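Take a look at this one chain, the form predicted alone, written out in structure tokens.
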Amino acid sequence: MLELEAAQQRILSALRPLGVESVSLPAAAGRYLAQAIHSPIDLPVFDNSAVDGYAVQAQDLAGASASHPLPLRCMGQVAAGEIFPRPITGGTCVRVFTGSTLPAGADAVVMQEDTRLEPAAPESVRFLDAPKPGEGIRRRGEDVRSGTLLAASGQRVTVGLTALLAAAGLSTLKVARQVTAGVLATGSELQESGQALRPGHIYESNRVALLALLSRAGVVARQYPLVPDTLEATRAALQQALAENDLVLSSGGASVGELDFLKAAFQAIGGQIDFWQVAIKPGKPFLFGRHGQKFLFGLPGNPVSALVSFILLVRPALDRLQGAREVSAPKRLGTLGETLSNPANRRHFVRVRIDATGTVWSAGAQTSHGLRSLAAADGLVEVPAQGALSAGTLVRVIGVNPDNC
């Protein structure tokens, strides 16, 4: 039985990104860059006004105040996207708007709330405030200089990054190819939701959860029909799913019972098992294997075990295959509101919830089939084997639905 870190390393060392493709900038959100990106331009591209108001020479308004307004002659206006044809000279101003190119000669912008117009003198603007040089101006390159590294290869494209890259003029990006995954569930007792439940049967739920997790990981997932507990049915399902996808996630059939056929079926079609069983709770009966250039992740059948195995072992693998530079699960800090104990001889990843104050509590019963506590959970806290974490301990909470967007 492998320790978690050894299992993670065995998986990650077997994986490489699947290739590169060019996609439109909006389609790149959530994907991993296959290129480093440097800005081709300055941002802002030119000096411009940060407010609606008047471009001025600050020295003209030294001493201006609400009780001592100073007048300047307005030479005209410049809207965003236009260039004012003449430079500002002493005693003059130009009406500008947010984003307007700063007229030549101006060194400050006074917002319109600090000015007053006189109906009897429409060309005169009275200023109620004395600006400092640079006030109200966005300077060229103050955000980004041309040539600055905007994003590194292997970085995930977030919504904020798409906005930055669009502002820099990019329309397409080179990203790692998306993974395709087939999702299987084995068990003769399983039944599709929406049907009348037969005696001795249960509704299958693992594929639904795994499809949602795969979607959040940016994977193109395919759901396959339920697989009964026979060697031939398991072999046929694996063969089809592996032929049509980069990898397969199968839940159930990976333990030691007489009706657990996953290992035998995988080997029967030429698959090689890299390892089986990981020293974690829940999630011990986990299998990782290779079939040529394809991969099998055999998850436990119990729903909590399947989800914990996915977060700790499968999600990092998916990120690596899709070109991620960092593959560790996102974590947040919290303080335990109660003691969490683990009498077992395997480290236990306890389902927890986090309240508005950042206090961490058990999400409920910690059985491997307990879906109610899984639904209530915000994350997992690792409790060492035969150990405990006392109330008040600062802990790292692994997100149940890891997502860096």
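Note that residue numbering begins at 1 and tracks the sequence as displayed. Values in this document were obtained by computation on a predicted structure and should not be read as measured data.
We do not show the form predicted together with a small molecule, though everything after this point is about it.
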* **The unique member of A233, A130, L190, L164 whose heavy atoms fall within 4.5 Å of the small molecule in the model of the complex** => L190
* Structure fact -> As a check of understanding, the residue in D274, D246, D114, E204 with any heavy atom within 4.5 Å of the small molecule in the model of the complex should be identified as E204
* One stretch from 195-203, 212-220, 320-328, 145-153 that, in the model of the complex, holds residues within 4.5 Å of the small molecule by heavy atom -> 195-203
* **Touches the small molecule in the model of the complex: V314 (any heavy atom, 4.5 Å)** => no
* Indicate whether S251 is a 4.5 Å heavy atom neighbour of the small molecule in the model of the complex. => yes
* With heavy atoms only and a cut-off of 4.5 Å, decide whether N302 touches the small molecule in the model of the complex. => yes
* State yes or no: in the model of the complex, is some non-hydrogen atom of D260 no more than 4.5 angstroms from a non-hydrogen atom of the small molecule? => yes
